[in-house]
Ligand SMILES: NC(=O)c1ccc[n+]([C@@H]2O[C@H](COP(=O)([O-])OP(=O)(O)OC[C@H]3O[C@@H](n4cnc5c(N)ncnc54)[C@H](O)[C@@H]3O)[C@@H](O)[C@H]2O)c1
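Consider the single chain below, provided in structure tokens and representing the form predicted alone.
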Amino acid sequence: MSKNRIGICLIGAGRAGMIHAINFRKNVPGAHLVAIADPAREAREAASARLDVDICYSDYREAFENKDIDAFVVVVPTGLHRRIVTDCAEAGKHILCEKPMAMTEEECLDMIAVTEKNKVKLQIGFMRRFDAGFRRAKEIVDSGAIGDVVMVRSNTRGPSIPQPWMYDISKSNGPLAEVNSHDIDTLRWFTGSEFKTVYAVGGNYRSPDAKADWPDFYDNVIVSATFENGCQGIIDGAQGVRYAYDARTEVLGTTGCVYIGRLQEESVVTCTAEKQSGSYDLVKSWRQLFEPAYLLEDISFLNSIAGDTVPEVTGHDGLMAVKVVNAGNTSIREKRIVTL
């Protein structure tokens, strides 16, 4: 692009939205955070004050008239993604859309089609692909250092109790979407293949408030999968574990294994006379653990616009994760293996 800076508008000033906003406001070279859009007045005003951004919209569509805005970052509930992404694309704006991409495969396909028709970029927010540890592990795997990949196991366990809106699987797609989309994408990335079969088992162990009205809600899930190239996969997901934010991956090959992730917050271990065993602080939040990855993700998005290149994480990646989420939910509900 000929402009010196690429103008960004944030849609959704929540926790993840503010990570992106701070990056584009302060840390991404060539970016200009022009505006914030959020229907909640309190969120808009708080974000405006924190970011020193004067232009705010209660309706994101008002921002389409602002010629300084080239791209939108969409960080809203999943059920709203298709409509917002479609509107942005029809307005000729590039889009970074947080995961999960959408609720259904059909919605994902609509989003891909409209962005292709309007020749705008669509990047999906799988930020683990930009994490230094995950990228280094991918280099090791691709080098053949552990032989051929046999199995990939990935877990994400969040400390927080699920929000009540998540209890309705028909509206949230459950923890497989909200928590384990990253794990699904991680397995696709490291196996270099698509899921072939999925068998999932879920249960509600920590969310008693959901049991009466939402008996199908699960806060713990295990997924066993096979891939088109013969690889195997395991996903372990949980909400409300309280002890830490726990995101780890293993890639097992024919001649070795790569381990990714950590529970330890700092490289400091405390040993005292009162406590005979060593101890260390645990990672408390995904925001803390993956902050650098979010920045690299945002830089990559801007570079794809400036250089007119294909985003590193595409709509197809988002589509395939949603496909696996829905297959997993079907497997849980019908107690059977689902072939994709």
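All residue numbers refer to positions in the sequence shown, first residue = 1. All values derive from a computational prediction rather than experimental measurement.
Below, we refer to the form predicted in complex with this ligand, which is not included among the displayed structures.
- Out of the listed residues 234, 113, 80, 252, 80 is the one that sits within 4.5 Å of this ligand in the model of the complex by at least one heavy atom.
- Heavy atoms within 4.5 Å of this ligand in the model of the complex are found in exactly one of 207-215, 234-242, 68-76, 147-155, that being 68-76.
- The three marked residues, 100, 127 and 286, each reach this ligand in the model of the complex, with a heavy atom inside 4.5 Å.
- Among residues of the shown chain, residue 30 is not one whose heavy atoms approach this ligand to within 4.5 Å in the model of the complex.
- Contact check for residue 40: a heavy atom falls within 4.5 Å of this ligand in the model of the complex.
- Contact annotation: residue 178 falls within 4.5 Å of this ligand in the model of the complex, judged by heavy atom distances.
- Residue contact check for residue 260: none of its heavy atoms lie within 4.5 Å of this ligand in the model of the complex.
- Contacts between stretch 210-240 and this ligand, counted in the model of the complex as any heavy atom lying within 4.5 Å, involve no residue at all.
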